[in-house]
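Below you will find one chain, with nothing else, as structure tokens; this is the form predicted alone, and questions on how it binds or moves follow later.
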Amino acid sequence: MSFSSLLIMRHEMLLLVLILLLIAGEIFIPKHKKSSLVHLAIFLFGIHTAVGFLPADTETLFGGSFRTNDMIHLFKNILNVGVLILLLQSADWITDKLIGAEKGTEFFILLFSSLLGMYFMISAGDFLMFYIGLELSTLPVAALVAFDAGKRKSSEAGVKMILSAALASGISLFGISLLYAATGSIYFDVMAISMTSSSLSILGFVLFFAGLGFKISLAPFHFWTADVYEGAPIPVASFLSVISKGAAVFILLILMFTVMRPLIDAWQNMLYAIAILTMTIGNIFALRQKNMKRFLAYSSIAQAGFILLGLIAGTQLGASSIIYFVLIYIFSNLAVFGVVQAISNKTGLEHMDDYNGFYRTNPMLSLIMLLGLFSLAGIPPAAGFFGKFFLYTAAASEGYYLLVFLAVVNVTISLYYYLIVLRAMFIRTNDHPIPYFKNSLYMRLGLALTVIGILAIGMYSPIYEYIHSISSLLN
């Protein structure tokens, strides 16, 4: 492999070097100074994130198995920014809970290994590289879900995660084998040319889609989500809800708009039903939740249904709307998860009723929660309004007016349950509210980045214009 090849794979190579440096730090840093690993990991990943924004060329490696272009680099950079914010928000938890138990380095290695798998999955040029990336991104997360080994719910969530992931992976692999039988190749470019609307191809696609539907938490592949989020540590639930889902959406977008485009008449009808089912189930079940992690789990399911509005359009506008929405979703969801984690770190409380009167003691965190929930609900001027607006526009431009109407109805439902949280924080009283507490510099920086992202992305139109320009690479 030449040096130029290393530059093409700079995201992957830098992240691998980062993992090796953390392993060396675990070996050579004395036990009483192990907390410095948190600072080291955040600093190195910050450099890794910054390097990712350097200009890159369109290239392929390994006979077409690995490919990269401006759009793929943007996908990886979006994931990097999300992970960096997550690390900042999780620094206190890692220092307090994991470093003393000598599990801090393992957490970083598993997290970065999963991210590395997502890189390979997004850059895949054939289904072999895709499947290797899919497995590498999934298996470490199953270990992370069960990281609170002393808690029964965490262990139970880990078991549910690995069993569900194994079933989804097997179904997806079987679908890939049928697609190979129908086209005679596993390379995306060749399959896009050879794909026909045969019964074998459609069956293969349905099975393959089921596997990715599990990763994105689309109904009816969502049953694991709430239990796993509730049992997992909050940083891991946040990673699953934001980073893992974002990566799966990106690779699904690539494959649906390229390899599976010849089957568009079949998958548009299927996505129509799944979008309605996912939005409705996510919103209805979110109404009943009192645990904040379960609440956010069903909220993320509903948000996944909205993403399908752009996918079903099958146009450049739909593609750019999905990318833009995922970018906004990452900042919005991390803002909400960040506040939930800040409260949990200081008090251990995760029940919605515990938030009664929270604004009177912690007004800044309450306002950040308000901004994040408003963005998820799609209320201006938060960026989430523009994300949903472009998704509606993409679906309506292709004549899916009924679907857009049902999406608007679901947004109204989601606004109600988001306001339940805000009512608890701003209106309800509590004789013993959560006392005022001051967050660490890392947590404040992580939350500040989410606020900047929510406000800036919606108001700074060149971001969407750039996304729209590079989404033409899918055509």
Partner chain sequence: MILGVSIYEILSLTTILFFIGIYGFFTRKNLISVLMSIELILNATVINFVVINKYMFPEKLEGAIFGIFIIAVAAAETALAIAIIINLYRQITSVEVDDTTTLKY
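Given the structure is predicted, the values throughout are model-derived calculations rather than measurements. Residue numbers count along the first chain shown, from 1.
The following text describes the form predicted together with the partner chain, which does not appear among the structures shown.
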Discussion item. Each of Ala149, Ser177 and Tyr187 within 4.5 Å of the partner chain in the predicted bound form, by any heavy atom, yes or no?
Written reply: yes
Worksheet item: Of the residues Glu398, Asp227, Asp92, Glu106, which one places a heavy atom within 4.5 Å of the partner chain in the predicted bound form?
Response: Asp227
Worksheet item: Considering the partner chain in the predicted bound form, which of Leu402, Leu349, Leu287, Ala166 comes within 4.5 Å of it through any heavy atom?
Response: Ala166
Practice prompt. Pick the stretch from 268-276, 123-131, 236-244, 338-346 whose residues have a heavy atom within 4.5 Å of the partner chain in the predicted bound form.
Written response: 123-131
Worksheet item: Taking heavy atoms and a 4.5 Å cut-off, does Gly372 contact the partner chain in the predicted bound form?
Response: no
Worksheet item: How about Ile162: is it within 4.5 Å of the partner chain in the predicted bound form, going by heavy atoms?
Response: yes
Worksheet item: Is Ser155 a contact residue for the partner chain in the predicted bound form, using a 4.5 Å heavy atom cut-off?
Response: yes
Worksheet item: Using 4.5 Å between non-hydrogen atoms, is Gly117 touching the partner chain in the predicted bound form?
Response: no
Item to complete: Any residue of 130-144 with a heavy atom within 4.5 Å of the partner chain in the predicted bound form counts; write them all down in order.
Response: Tyr131, Ile132, Glu135, Leu139, Ala142, Ala143
